[in-house]
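The chain below stands alone, shown as structure tokens; this is the form predicted on its own.
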Amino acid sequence: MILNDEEKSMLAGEQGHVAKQAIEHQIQVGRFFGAEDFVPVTQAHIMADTESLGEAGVKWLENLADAGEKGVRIPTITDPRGTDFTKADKLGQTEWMLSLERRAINAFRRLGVSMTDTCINYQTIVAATRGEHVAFGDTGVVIYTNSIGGAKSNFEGGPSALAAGLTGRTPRYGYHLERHRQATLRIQLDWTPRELSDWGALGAIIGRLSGNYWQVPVVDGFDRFPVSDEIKHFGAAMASFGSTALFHLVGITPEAHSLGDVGGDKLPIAHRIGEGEIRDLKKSYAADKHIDIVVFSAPQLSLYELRDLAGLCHGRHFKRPLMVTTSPQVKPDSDRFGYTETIEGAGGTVLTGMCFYQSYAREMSEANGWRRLATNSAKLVNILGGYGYVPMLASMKDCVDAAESGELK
């Protein structure tokens, strides 16, 4: 890779051991992907839940922090953590999990990382703008940032995102290059979803059709402009089901004012998707009527989602646990507006700064006897099967009804 003077200085160790280790890692990543050089980035977002880090990963972070060097050079924030310490007993999490989490948080803070603990930073912190180069980790964050913001990021694994924060740059490959941002798959939509779960199901279908990281779907046929939460579920599901990092919506997303802007006019229509296909996707997860738990998570809920959920919870009394995750930025407003009180008054639990599947989901299942899970998140149903759950996808209203009755209609 071509290095400038500052990068050569880092590689030579002149700016400390931590910066040297970080840029050595980035050079290896860059060489693997054929990057010619680095591109400066303005912000980084790290996925580093302790379930994934384990003891070895936390020790590695501690070793970096123990060096007592400069730390991150650009604003660097975090994805959801592995717990809400105030609700850990209710989740069935044990002391060793919490201890590992505290150690990771302490190490990140000493490195200058801001513990935002959110996967919806594009709604709550600072949204990246068109053309801005960033180094983001969470797949739902990346696909929203690339597609809706028009900014530029690849999926940055935990060590790579931290390295970007420590060096202020990332290898210039993939979606940092214009040639990879053109459409490769053209899809015609015959029905525009209304429910968040339907938007997630649509994203899941397109993700499956795309099938790999380098496919860029362009979708035409929407009868209205979707709102942020709808696109949030759509993109998060697409990234989960297809490893997709960028999509274009004709006349909606910033790089696709027309089909021709992203080369879609040169592509044949590969697939048509209507209401029937979306309903079939949801039915494929209708494994059982009886449920053990309802979860609203993945991504964390916005203030507007919490408002809608509180409206559905008013006057209810739940027979089954109902868990909701949101960000530390949204939770105080949810408290202030009475949404939290309404949800928890019905028997629900509002969790802060965590995501359900990044929080030792298998161990929580075993500790609490949770197996049959209802959610309105297509991303969550795609992931939780691997943790031993039987996940079912339904609307927010149907999930709340199921928490009250114990059955999903």
Partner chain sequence: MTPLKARHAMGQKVTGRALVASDGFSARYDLDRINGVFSRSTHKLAGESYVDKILILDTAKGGVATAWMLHEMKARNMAPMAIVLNTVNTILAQGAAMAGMTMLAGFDVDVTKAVENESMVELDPETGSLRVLG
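Residue numbers count along the first chain shown, from 1. Source: prediction; values computed, not measured.
There is another form of this protein, the form predicted together with its partner chain, and it is not shown here; the text below is about that form.
- 4.5 Å heavy atom contact, residue 83 to its partner chain in the predicted bound form: Answer no; every heavy atom of residue 83 is more than 4.5 Å from its partner chain in the predicted bound form.
- Message: Please determine whether residue 213 contacts its partner chain in the predicted bound form, using a 4.5 Å cut-off between heavy atoms.
- Response: Contact check for residue 213: yes, within 4.5 Å of its partner chain in the predicted bound form.
- Task: Could you confirm whether residue 358 comes within 4.5 Å of its partner chain in the predicted bound form, counting heavy atoms only?
- Result: Residue 358: yes, in contact with its partner chain in the predicted bound form.
- Taking 4.5 angstroms as the cut-off for heavy atoms, does residue 51 touch its partner chain in the predicted bound form? It does: once its partner chain is placed as it appears in the predicted bound form, residue 51 has a heavy atom within 4.5 Å of it.
- Select from the listed residues 253, 297, 160, 302 the one whose heavy atoms reach within 4.5 Å of its partner chain in the predicted bound form. So the residue touching its partner chain in the predicted bound form, by this definition, is 160.
- Among the candidates 93, 139, 116, 76, the residue which, in the predicted bound form, approaches its partner chain to within 4.5 Å (heavy atoms): After the contact test, the surviving option is 139.
- One stretch from 66-74, 338-346, 367-375, 27-35 that, in the predicted bound form, holds residues within 4.5 Å of its partner chain by heavy atom: That would be stretch 27-35.
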